[in-house]
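The chain below stands alone and is given in structure tokens; this is the form predicted on its own.
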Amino acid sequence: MSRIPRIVILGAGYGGIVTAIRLQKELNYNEADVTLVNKHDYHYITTHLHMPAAGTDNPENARVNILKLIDEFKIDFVKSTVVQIRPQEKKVILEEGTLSYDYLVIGLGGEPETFGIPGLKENAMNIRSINSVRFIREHVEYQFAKFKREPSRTDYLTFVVGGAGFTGIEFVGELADRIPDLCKEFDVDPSLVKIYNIEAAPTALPGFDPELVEYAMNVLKNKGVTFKIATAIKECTPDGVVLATGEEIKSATVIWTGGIRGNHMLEEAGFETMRGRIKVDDTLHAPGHDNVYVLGDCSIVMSPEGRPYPPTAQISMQQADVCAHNLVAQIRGSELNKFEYKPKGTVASLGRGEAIGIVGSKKIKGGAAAVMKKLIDLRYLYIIGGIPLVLKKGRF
């Protein structure tokens, strides 16, 4: 290759932004031409979105300007939306043009998985972006205002959250904390407000330690959350949800957190996918494409037990480290590293001052787990932006 190789990174989520930051540290000047494409000029911290969605934090705290994180002498940033990937032509079609690449990193993030439930796509909201959480926050406040004008409409004060995985549990914890403030602000009787968390699986937080799940559910029940576990949503209508049991819950607010699938563009590009995701090889390449890396929600990485790991921020960041190393290795003709996921622990917040988690083999809950959650957030800020970003965004 007579010219310098071109690396294009699609998406500035956890996988994309950490890959870009690692590349700018490891590559020499003029060793590669690196372009980062993202539809917004900011990176947002997905694991923080449940708070601004509920209104317990400012959306600005969940986003960071991309140009503050990258060295523009080493990384070109293109603010645009990806329309199509053409792996045979080594091209990416954007809304405003075309990019050619020698190496491609796909970190486009996922899309809500509705499991074919009728009406879910049309009538439910999702916690997926800064704009979506702003909308949810304003929508929730608006329901209280509407109820004051139509006091017979208790469906305005009924909130249904579909899915009791991490996002669902963390969101209902924050929402339950916010409700007393909204009741006070709008002079609404708190006993009229209902929060339902509905989960089709036989337990909340599937795969999590049962003792900690029980603790979490008790904390949230005491905050006013009603759980309907092992209960599927059969249909979502403009008036609420219909459950598989036949029960109908009238609600003007349905928020779906019940699953993520990969990006539709992967299948359209001709990659072999499962629920929109690509099962990557042990060096994180798309099978049959030794110049295409796939990270985060778009990828499937199998555990030693043969089950896919859940796509978390933690796994995306570890993938990014290996991806950046392997890109440099391919350019320099050296050996690639194999990806091996090393779980560092998991913590789920339950609202103000409460959380549960497993760090190593140790179970933690309550205030200690809440502090650990904050430390994990601060560590991520440090990884992407160093001490200045920790001081700006990190708050206890």
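Numbers for residues come from their place in the sequence shown, where the first is 1. Just so it is clear, the model here is predicted, and its values are computed rather than measured.
A second form of this protein, the form predicted in complex with another copy of the chain, is not displayed here; the remarks below concern that form.
Asks: Using heavy atoms only and a 4.5 Å cut-off, determine which of Phe135, Tyr215, Phe208, Phe115 is in contact with another copy of the chain in the model of the complex.
Replies: It is Phe135 that has a heavy atom within 4.5 Å of the partner.
Asks: Under a 4.5 angstroms heavy atom criterion, identify the one residue in His289, Lys223, Lys146, Lys194 near another copy of the chain in the model of the complex.
Replies: For this set of options, the contacting one is Lys146.
Asks: In the model of the complex, do Tyr42, Met125 and Phe186 all reach within 4.5 Å of another copy of the chain through at least one heavy atom apiece?
Replies: Affirmative, all three are within 4.5 Å.
Asks: Heavy atoms within 4.5 Å of another copy of the chain in the model of the complex: does Thr81 have any?
Replies: The answer is no: Thr81 has no heavy atom within 4.5 Å of another copy of the chain.
Asks: Hey, in the model of the complex, does Tyr142 get a heavy atom within 4.5 angstroms of another copy of the chain?
Replies: Flag for Tyr142 set to yes.
Asks: Give a yes or no for Gln88: in the model of the complex, does one of its heavy atoms lie within 4.5 Å of a heavy atom belonging to another copy of the chain?
Replies: Taking the distances in the model of the complex, the answer for Gln88 is no, it never comes within 4.5 Å of another copy of the chain.
Asks: Is Arg63 a contact residue for another copy of the chain in the model of the complex, using a 4.5 Å heavy atom cut-off?
Replies: So Arg63 counts as contacting another copy of the chain.
Asks: Name the stretch, out of 311 to 319, 68 to 76, 126 to 134, 226 to 234, where some heavy atom lies within 4.5 Å of another copy of the chain in the model of the complex.
Replies: So the stretch in question is 126 to 134.
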